[in-house]
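To begin, one chain is listed below as structure tokens, in the form predicted alone.
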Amino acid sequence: MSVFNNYRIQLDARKLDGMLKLGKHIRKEFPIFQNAPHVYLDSAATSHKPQRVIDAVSRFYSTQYGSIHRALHTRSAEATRIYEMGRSRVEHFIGANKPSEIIFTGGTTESINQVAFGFAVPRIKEGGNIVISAMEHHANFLPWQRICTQYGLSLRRIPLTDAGEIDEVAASELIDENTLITALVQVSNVLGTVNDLNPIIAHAHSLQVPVLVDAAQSIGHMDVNVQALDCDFLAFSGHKMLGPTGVGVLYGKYTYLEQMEPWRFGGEMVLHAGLERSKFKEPPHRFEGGSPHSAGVAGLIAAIDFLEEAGVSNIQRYSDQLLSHMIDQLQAEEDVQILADPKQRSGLVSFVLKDIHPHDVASILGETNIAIRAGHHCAQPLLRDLGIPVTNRASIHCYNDEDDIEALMDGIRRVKSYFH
């Protein structure tokens, strides 16, 4: 029985009554905490890596490495097998219909740009519009802004409710028969809001409008199933789900992938390269030009194994409880303002301290090895709407526990004492 099965048994038996020490046990699997102990509350930016992910990447380079798809020798065959196994593992992890709906990219940003310039641009029509929400990360804002500016389309932003959730009524009014595509985040990287996207997706589909979901902050924290969402595209990065940097995924319904044009051009993607015209391979290979990050895919497989053995639903329940504990502590502290109050929040909370700049807060905490984020979190339009230029953000993953929260609160009190 693996150590993760023990975690599952512990979680099921205790039913999460009281604060469990799951994070402290799981943390042993992450060498960075053994080599450089610190309080890490910046997982929304990037997550740490368990030993098995590091080992998988090292093993791939040490014993399995070769150029995939392009040679007949043993090393190439083994590398290709692992790479394509990764496609199948991702397919299963997110509930896709078949491996050919999975495209490997450099991350969420590249995935969204592929849809923006390979799918949306060729479908542009006069008088069209693109709909996003007011809480989008720059990665799901700037590509659509560029397209609208360049081609004369209207960029529509769905406003938020006072609680910090996407306004479903406004969404139904903004998404219309002239909407080219709708691109929405599943979990906000600033507010932590978990958006109920199903009603919005259903409305969009009633008008034959495709929907892209940015799952960068939800993947690995909660069960993400593309069939249940019924999204047309879904984008996420490996490095936020305990996997390597530089590798990500774009899921697309195959009927749409067949219509999508390549955005990045290079070797391996082409069937025939003529002097005037070329013929490209079928999806997904036509979108993976150049030498892919095959070692990253090997590490991504290991990250998915880790998450599935621990149980993503277990991680979600544990993280929800830990996040609730952190919010309670912050709310109890004088002069701390928390942004938003959604019905459901995942993984993170943004806050400000009265009369103390967030950069000062993060800097002083960092001096005692407490890592949080300070800034606009690549969501400047959202913060302008809120009238707050920068915030602090504390974010968690499965390796955190209540001791980390206590360290954060002690640190905040030191900051307040220093300034006041």
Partner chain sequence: MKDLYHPTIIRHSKSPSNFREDPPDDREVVTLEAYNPLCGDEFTLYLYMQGELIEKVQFSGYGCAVSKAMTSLLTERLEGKRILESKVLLSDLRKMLIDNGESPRTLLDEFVPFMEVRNYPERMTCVTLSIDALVDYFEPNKDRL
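Note that the structure is a prediction, hence the values are computed from the model and not measured. Positions refer to the first chain, counted from 1.
If you look for the form predicted in complex with the partner chain, you will not find it shown, but the lines that follow are about it.
- in the model of the complex, which of the stretches 353-361, 40-48, 57-65, 27-35 has residues with heavy atoms within 4.5 Å of the partner chain? Selected stretch: 353-361.
- Task: Examine V390 and determine whether its closest non-hydrogen atom to the partner chain in the model of the complex is within 4.5 angstroms.
- Result: Because a heavy atom of V390 falls inside 4.5 Å of the partner chain in the model of the complex, the answer is yes.
- Given that the partner is absent here, does R413 sit within 4.5 Å of the partner chain in the model of the complex, heavy atoms only? No, R413 is distant from the partner.
- is_contact(H376, the partner chain) in the model of the complex, heavy atom dist at most 4.5 Å: So H376 counts as contacting the partner chain.
- Sequence-ordered residues of 399-420 touching the partner chain in the model of the complex, heavy atom within 4.5 Å: Those in contact are Y418, F419, H420.
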